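As structure tokens, one chain now follows by itself in the form predicted alone.
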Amino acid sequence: MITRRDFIKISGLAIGLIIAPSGFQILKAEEIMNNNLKPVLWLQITKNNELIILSNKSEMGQGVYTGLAMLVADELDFPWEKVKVKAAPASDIYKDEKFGSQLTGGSTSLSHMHEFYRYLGATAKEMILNAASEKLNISKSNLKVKEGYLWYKDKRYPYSHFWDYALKLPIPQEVNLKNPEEFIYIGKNVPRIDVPEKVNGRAIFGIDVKLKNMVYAVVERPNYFDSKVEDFNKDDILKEKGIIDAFPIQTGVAIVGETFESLLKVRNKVKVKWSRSSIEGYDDNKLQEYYLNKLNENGNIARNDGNVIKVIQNVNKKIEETYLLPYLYHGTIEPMNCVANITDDRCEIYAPIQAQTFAQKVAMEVTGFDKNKVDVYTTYLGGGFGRKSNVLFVKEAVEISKKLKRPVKLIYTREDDVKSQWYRPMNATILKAGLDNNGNLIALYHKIAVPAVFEWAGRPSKIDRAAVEGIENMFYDIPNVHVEFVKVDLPIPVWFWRSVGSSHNAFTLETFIDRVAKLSHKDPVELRLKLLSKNQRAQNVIQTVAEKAGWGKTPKYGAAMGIAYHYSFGTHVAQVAEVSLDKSTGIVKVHRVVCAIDLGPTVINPDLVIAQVESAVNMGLSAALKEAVHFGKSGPSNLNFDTYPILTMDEAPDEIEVHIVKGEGSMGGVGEPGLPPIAPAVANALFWGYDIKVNRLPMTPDYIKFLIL
């Protein structure tokens, strides 16, 4: 049971109120309460008895529209084929209260919102029952709900029959949520709600938005973020056919044209004099030297159990490894784009974004408008991976539209997208370990030199949470642990990349654990189980993946096996990769990946979980084998997929098995936790099967051949 006050406390925000069949008037919860208005709770039932749900989370391919809709439809007992989902506009009432903003990220959409959306459905059902009871003059106990209809004996009424009247009645003081045995959707493989319109072409992505009188814009960018425009050949550019205007903005030179094609034709004629960058000449070699030297500096200590230095000094068995991992590009299918329409008294934004609150905020800063004059509409996202939570591209579009006073679509070309930077940070790490005379791991030293992602996001702290993620909070039971963070300050912007700090820390830690296993003559699975003896959920995924993969037996494809485990975003994941290596070419082939995942006791849609893990494995494998942003003397040098290759279909694993292990505790995330273990699992297979120690990524053929030699 839940009281009305508790409900508002859980929701922590306002609810919608229908004013017309085609739309919503949004009011704050406080306004609704004070004025005794009747909420529709973020949902609408149309005259045709269709259920429309507003999602405060962006759909970027992860299936959140389906997951959230299942929660409402289940409680409301509504037929799935009559459920629709729309993106909620930017508004304080749609904030994720745990974030304090309207934001999609951190694998939190369902874990943060699942209770709230269930209560939406349950409350709406109660409102319909109350309305029907009054209208029909029948006790609620004699009424049933099923498949979008309210039943009395053998007569049925669509929910829509009572919906308008339901809105005039008091909000239910208490609602009951279903027991798990009553679920009709939750826990089942319900088809994705966004797939049909993506298949038939009706889905609107940011790049599809068109407004009347709209023009196009691109931004010519410097090679490094700290270079600024000093001069450019404006007069020459304005003479080009189809070009409307060209002017400096904060991040470069904006060029506006009648068509996108006209802009592409003029790009190579734009000559900009940039101010000198503070890191001009920092190519790959110099960056690597810089990062490795940072490991000689003292950093901030994130965790210090026991006395690691003293223990390692006094043991006979010790090991040390140094790692170096590259900057990574997000590589979304749909590059950054935004339509902004600024008039004298209003700002409209249409964009594929993960952070509506921040998009609204930057628009307010640029235009000077208050919040109620800035409308932000979220389209489908052609991939996000964290990149589209950075709204600088929205700010650029607003700046350009403000100057022109007309609708502008800003498009990043692929080269612009890479050159705009905001990468997964490069990092250098040193790991040391000490073992006692029985081969037990008794001391672990971990120092990482890495840019502070949260500081770039405007949230600086002494210990950057992303830098030590997955290490500072690891579950391995080791009596002496030292974790240290050395901040790297370079004007190369970094941002949240899928699985954030876990994307690199899992690689260093999990490959190092296997080096320890070899030194101590222990099996990697047995060593992990021993180190995780106090965490049953971690043990469960490791045991499951070992069993399903056939650990200890001859690999299915006659190749080597490697295992890795990692905990991130509230979820435990273990993976085994079956790998073979062509020593003549250096090509690594991953044949089979077996994954066990424990995201807690509630799995809303198993198919969504499996799809997310499969996606994470392929993206993580792409980064492990192929991806790195390279720098020449003049900045990033591989600006498109011809020089920044990603995993192709024929290079993907032949099999990816996903086994969901139900555990106790709160619900964990899904979108990101499947990525961190794959790179170390592959590297560990090479370590045991081919005696190769991979301490740098990516595992390109040239690098692997270098290791063989």
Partner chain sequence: MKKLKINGKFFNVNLSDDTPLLWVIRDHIGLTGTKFGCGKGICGSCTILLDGNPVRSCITPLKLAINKEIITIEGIPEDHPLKRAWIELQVPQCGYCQSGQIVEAYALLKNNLNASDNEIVSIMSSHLCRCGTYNRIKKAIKRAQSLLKKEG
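Positions refer to the first chain, counted from 1. Everything numeric in this text was worked out from a predicted model, so none of it was measured.
One more form of this protein, predicted in complex with the partner chain, exists but is not displayed; see below.
Q: When the contact criterion is heavy atoms within 4.5 Å, does Gly470 count as touching the partner chain in the predicted bound form?
A: Contact with the partner chain, no.
Q: My question is simply whether Tyr224 lines the interface with the partner chain in the predicted bound form - judged by any non-hydrogen atom within 4.5 Å.
A: Result no; Tyr224 lies far from the partner chain in the predicted bound form.
Q: May I ask you to state whether Glu348 is within 4.5 Å of the partner chain in the predicted bound form, using heavy atom distances?
A: Although the partner chain is absent here, Glu348 would stay clear of it in the predicted bound form, with no heavy atoms inside 4.5 Å.
Q: Going by a heavy atom distance of 4.5 Å, is Pro248 a contact of the partner chain in the predicted bound form?
A: Contact check for Pro248: no, nothing within 4.5 Å of the partner chain in the predicted bound form.
Q: Please identify the residue among Ser109, Ser502, Gln612, Gln102 with any heavy atom within 4.5 Å of the partner chain in the predicted bound form.
A: Only one listed residue qualifies here, and that residue is Gln612.
Q: Which residue among Leu68, Ile45, Ala683, Met60 has a heavy atom within 4.5 angstroms of the partner chain in the predicted bound form?
A: Looking at the other structure, the residue within range turns out to be Met60.
Q: Would you mind picking out the stretch of 604 to 612, 528 to 536, 367 to 375, 295 to 303 that comes within 4.5 angstroms of the partner chain in the predicted bound form, counting non-hydrogen atoms?
A: Result of the contact check: 604 to 612.
Q: Determine the residues of 488 to 518 with a heavy atom within 4.5 Å of the partner chain in the predicted bound form and present them in sequence order; the list may be empty.
A: Only a single residue, Trp497, comes within 4.5 Å of the partner.
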